[in-house]
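Below, in structure tokens: the form predicted on its own, a single chain.
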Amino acid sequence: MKIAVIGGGISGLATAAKLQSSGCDVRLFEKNERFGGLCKTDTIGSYVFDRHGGHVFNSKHPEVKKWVFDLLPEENWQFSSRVGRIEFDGNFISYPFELSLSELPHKDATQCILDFLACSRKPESKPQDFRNWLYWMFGKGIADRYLVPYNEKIWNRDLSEISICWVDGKMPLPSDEDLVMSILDPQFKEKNMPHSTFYYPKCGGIQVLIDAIESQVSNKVASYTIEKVEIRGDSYLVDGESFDHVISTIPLPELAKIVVDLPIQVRTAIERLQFNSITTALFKYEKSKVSWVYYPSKDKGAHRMVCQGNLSDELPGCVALEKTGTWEVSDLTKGFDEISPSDFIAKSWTHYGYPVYDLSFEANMAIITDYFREMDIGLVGRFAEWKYYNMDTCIKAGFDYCDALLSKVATP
């Protein structure tokens, strides 16, 4: 079976590698000079800069973890425990906020605990917008002090316009017992946190994983912009070349530009999808044990600091500041007195940074996925499926799609 995979990010690379290892004739198309998508790393002197945000690896999927470590052996990675911090009223407490209430001033902690325990969380009263859901789930104390202001910064939208369809699996959702245990046992929160431990390459940034996956794909072309994808009966033409199947891992708005005769209702649904861009800048910074720092206050420009230099003992000290939207370096460093212009190393802008789950998201995606399923064109990855995937879930999505496709072909 001859298959075209469009997009050479981690989803496209993993999908192409999996299909090739299964005996398929695969051709991978990438419009940029380098493969990697959101997982590219720039090397600037002795510094590494994951230019589209910090990327660490771990996975609850054994097959993904084994595959990654077969490609890039575990001894090439540094294993670390996550150390997250949140700035609150000029001090720093542990992440997540809702399981670190014992670190707050007693008055704040008491109010947060009482409000949390007073939440009924009855399914029949569950709000469907993110803002009201935060109050329903966590109570006014926690919502007002951290979750609402922080999420307003990262979403850059009125939270009442955001759906809750994404929260399961992406946000830690504590029970009453979890909250009490976190107060009695300071280590409890880390035990219950997803990605409480992670791996990061000792040298070279996350690019070394991309390079390892890329080495598994023999038929690939970079710096190539596809002009059109046509459906011709049971075959597909990619710029005139015939394929038995097409898998897209590129953002849906980019796919809409090249699919010939795309129905107007599908095109309209894609145009209605929302997303956030991200500006990221790297700075010299003293090394520590901290992995990430979150900044809910509007007094700070960036919403998050990724302590890139702390992810490996072999890297020099540096941090990446992130801010939703298109910004200058001075916008990111607002309020960071410890960072000076002389500390600046590099800057990057990511057009498609994070999917936004507005209230019409599910209806629009139903139209989109129904059409591409009917046309038998695969959609795999963060912006092809419009899902907030981490690296390991991008790989898992590619593997699952390949397994389903090969099973369908093998079935008489």
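Because the structure is a prediction, the values reported are computed rather than measured. All residue numbers refer to positions in the sequence shown, first residue = 1.
What follows is about the form predicted together with a small molecule, which we do not show.
Looking at 328 to 336, 121 to 129, 220 to 228, 144 to 152, the stretch with residues near the small molecule in the model of the complex, meaning non-hydrogen atoms within 4.5 angstroms, turns out to be 220 to 228. Put simply, of Val246, Ile213, Ile250, Leu282 only one has a heavy atom within 4.5 Å of the small molecule in the model of the complex, and it is Ile250.
Interface residue among Leu134, Ile278, Met171, Cys307 relative to the small molecule in the model of the complex, by the heavy atom within 4.5 Å criterion: Ile278. The closest non-hydrogen atom of Tyr371 lies beyond 4.5 Å of the small molecule in the model of the complex. In the model of the complex, the small molecule lies farther than 4.5 Å from every heavy atom of Ala4.
A residue is said to contact a partner when one of its heavy atoms sits within 4.5 Å of a partner heavy atom; Cys394 meets this definition for the small molecule in the model of the complex.
A residue is said to contact a partner when one of its heavy atoms sits within 4.5 Å of a partner heavy atom; Leu38 meets this definition for the small molecule in the model of the complex. With respect to the small molecule in the model of the complex, the three residues Phe29, His55 and Asn390 uniformly fall within 4.5 angstroms at the level of their nearest heavy atom.
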